[in-house]
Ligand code: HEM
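Next up is one chain by itself, shown in structure tokens, the form predicted on its own.
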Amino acid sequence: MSLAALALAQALVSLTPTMENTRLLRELVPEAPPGVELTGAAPFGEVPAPWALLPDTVRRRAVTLSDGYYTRLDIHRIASYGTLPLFLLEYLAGQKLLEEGSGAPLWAEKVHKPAAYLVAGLFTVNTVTGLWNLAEAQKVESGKTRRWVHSIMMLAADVGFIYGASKAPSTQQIDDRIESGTRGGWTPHKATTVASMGVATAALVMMYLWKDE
């Protein structure tokens, strides 16, 4: 902007606002950049940006996340740390049951169901906290794609675990399977739950390897 134009703009600002003054001023002063909003006047003594010669200056709007967001994030992370050991324990106990049925060690029978309930509890906590935070952080552009991919993968794992639980065989069914000559191997229950464990593990590791944009 030339010195003459700047002087004219400052003179117009000092006049009583009229439609004509505003029109002339907007022709002389560039528009504010995209993504900024007009707020109060610039502090006395500071040199304003060109668009700040208008009656209002501009300031970028910051997205503020609540304290609850960070509390839920901590809960979400702590619950995530507990899932991987439970996955391993669940797999080992389940495999032992498939191989030996009613003859499996007592630890396998006593561990498999409680571990499954703990996994279900942790996934419920993480689903609630994760979706709540996903909704609150919708306007935060940094890491948005990563958060959505993670959430979709974890929801897919949720569905897989629910379906897998509905296909869990009884001890008698496992014994019948062993008597027919099939020991161990894959069942719909095992295939679905192991696939869900893989998706959930990939979604967890992704959050550490995929940095914010």
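Computed from a predicted structure; not experimentally measured. A residue's number is simply how far along the shown sequence it sits, counting from 1.
There is also a form predicted in complex with protoporphyrin IX containing FE; it is not shown, and the following applies to it.
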Should residue 111 be counted as a contact of protoporphyrin IX containing FE in the predicted complex, where contact means heavy atoms within 4.5 Å? no
Using 4.5 Å between non-hydrogen atoms, is residue 139 touching protoporphyrin IX containing FE in the predicted complex? no
Given that protoporphyrin IX containing FE is not shown alongside this chain, does residue 163 nevertheless sit within 4.5 Å of it in the predicted complex, heavy atom to heavy atom? no
So, in the predicted complex, is residue 64 in contact with protoporphyrin IX containing FE at a 4.5 angstroms heavy atom limit? no
Sequence order please: the residues of 125 to 142 with a heavy atom within 4.5 Å of protoporphyrin IX containing FE in the predicted complex. 126, 127, 130, 131, 133, 134
